[in-house]
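Only one chain is included here, represented as structure tokens and corresponding to the form predicted on its own.
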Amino acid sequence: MKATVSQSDLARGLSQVSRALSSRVQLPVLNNVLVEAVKGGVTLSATNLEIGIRTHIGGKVTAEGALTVPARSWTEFVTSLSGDNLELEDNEMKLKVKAGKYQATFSGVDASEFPVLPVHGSAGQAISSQLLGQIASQVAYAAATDESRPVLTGIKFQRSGDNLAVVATDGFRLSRKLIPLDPKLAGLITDLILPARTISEVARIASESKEDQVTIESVIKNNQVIFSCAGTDLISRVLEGNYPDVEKIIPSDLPVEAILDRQEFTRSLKAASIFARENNNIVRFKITDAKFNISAQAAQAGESEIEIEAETTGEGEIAFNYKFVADVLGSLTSERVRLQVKDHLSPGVFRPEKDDSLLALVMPVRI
């Protein structure tokens, strides 16, 4: 291998693929970045076996070759340099990096030990980058981070009438977004569970590249999908398992409702959380005639009660973990939010005031 690349391009590429690395890997080679000098430039790849990221950067290649290099030390060295060009050359499982008076040699591992990542073909379908961004911000937060039930760390894509229902839940809260079903994508992403991290990473790549669309392609043989955008591929495994039937969880009869200013609701919740933190994060909501009360108590710090103006229907009282409610409010962009309640033992349902396509559900706390 012998290639010359821009320092800024290489630093950006390493930053991109390094997001696929994980500290919890069993194979030493997974701590490395695969660098391939090919016709037209250099390709970088990294994977943790759940997701893999591959990106291509331009450069002058005079000798093709491939080697894996320790990701952390190589990235730190490259980012410490100025914007000069870098010369890359491998020799006996070592990668020599030279930039002006700076020079370093990294011990590598043979490229044959690196997992094979599938390459995208021409059978992909385009999906809106804006839509992926909405799913990442409005749905992904509700997925589990605890991998005791791996399927709950994913986002479920399933058909719901003429819509695509995109759902995430960790058992304590749930978010569902209904999207008009694109016939071209119907057979590709329906009845599919993808890691929430996959969607977040793809949305980030699309946002940074400012591309309007992302291509998605299914690799049936490996039970994987490939997202492609602006010269970068993200390869993700598809999660397997029985996902909860969320339609059975969402209550249909919701006689109590409050419509609130989202920003005021957020500020009031933050103030109440000062006391809730010392009491298992519990906040109480009380809905009465045109009034909405938020209260929290702490054995030592004291207590707080805040009243917010609201448009209300019915009366009721319910308690939540304030962190879950804060996550919901942070995922919304509407000026006002609707909270609908059946009773103090049933989940609370949050929606934007004028958008029924998005729904968030939070399980109550018994008090």
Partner chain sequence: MEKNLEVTWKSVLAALKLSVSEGIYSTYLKPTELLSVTEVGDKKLICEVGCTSAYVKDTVEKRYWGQISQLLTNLTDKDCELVFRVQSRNVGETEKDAGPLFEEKTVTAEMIRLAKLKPFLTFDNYAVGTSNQMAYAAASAVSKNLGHAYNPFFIYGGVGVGKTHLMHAIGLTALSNGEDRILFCTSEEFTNDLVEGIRNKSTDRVRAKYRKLKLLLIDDIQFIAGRVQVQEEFFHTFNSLTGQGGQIVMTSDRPPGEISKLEERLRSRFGAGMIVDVGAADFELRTAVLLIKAKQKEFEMPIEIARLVAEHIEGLRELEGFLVRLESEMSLRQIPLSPQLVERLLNLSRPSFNQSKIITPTEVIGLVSSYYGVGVQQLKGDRRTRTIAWPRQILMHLLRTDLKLPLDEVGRLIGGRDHTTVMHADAKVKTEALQNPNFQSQLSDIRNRLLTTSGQAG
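Computed from a predicted model, the values in this text were never measured in an experiment. Residue numbers count along the first chain shown, from 1.
The protein also exists as the form predicted together with the partner chain; that form is not presented, and the subsequent description refers to it.
- In the model of the complex, none of the heavy atoms of Ile216 sits within 4.5 Å of a heavy atom of the partner chain.
- Glu264 falls outside the set of residues with a heavy atom inside 4.5 Å of the partner chain in the model of the complex.
- For Met363, a non-hydrogen atom is located within 4.5 Å of the partner chain in the model of the complex, even though that partner is not displayed.
- The partner chain is not drawn, but in the model of the complex it has no heavy atom within 4.5 Å of Asp182.
- This chain is drawn without the partner chain; in the model of the complex, the residue among Ser252, Thr145, Ser112, Ser82 with a heavy atom within 4.5 Å of it is Ser112.
- Of the residues given (Ile205, Leu174, Val166, Ala136), Leu174 alone sits with a heavy atom within 4.5 Å of the partner chain in the model of the complex.
- Although the partner is absent from the chain shown here, none of Ser23, Ser200 and Ser209 has a heavy atom within 4.5 Å of the partner chain in the model of the complex.
- Considering the partner chain in the model of the complex, the lone stretch of 96-104, 236-244, 127-135, 291-299 in range is 236-244 [heavy atom distance within 4.5 Å].
- Residues Leu345, Ser346, Pro347, Leu361, Met363, Arg366, Ile367 are the ones in 343-367 with at least one heavy atom within 4.5 Å of the partner chain in the model of the complex, listed in sequence order.
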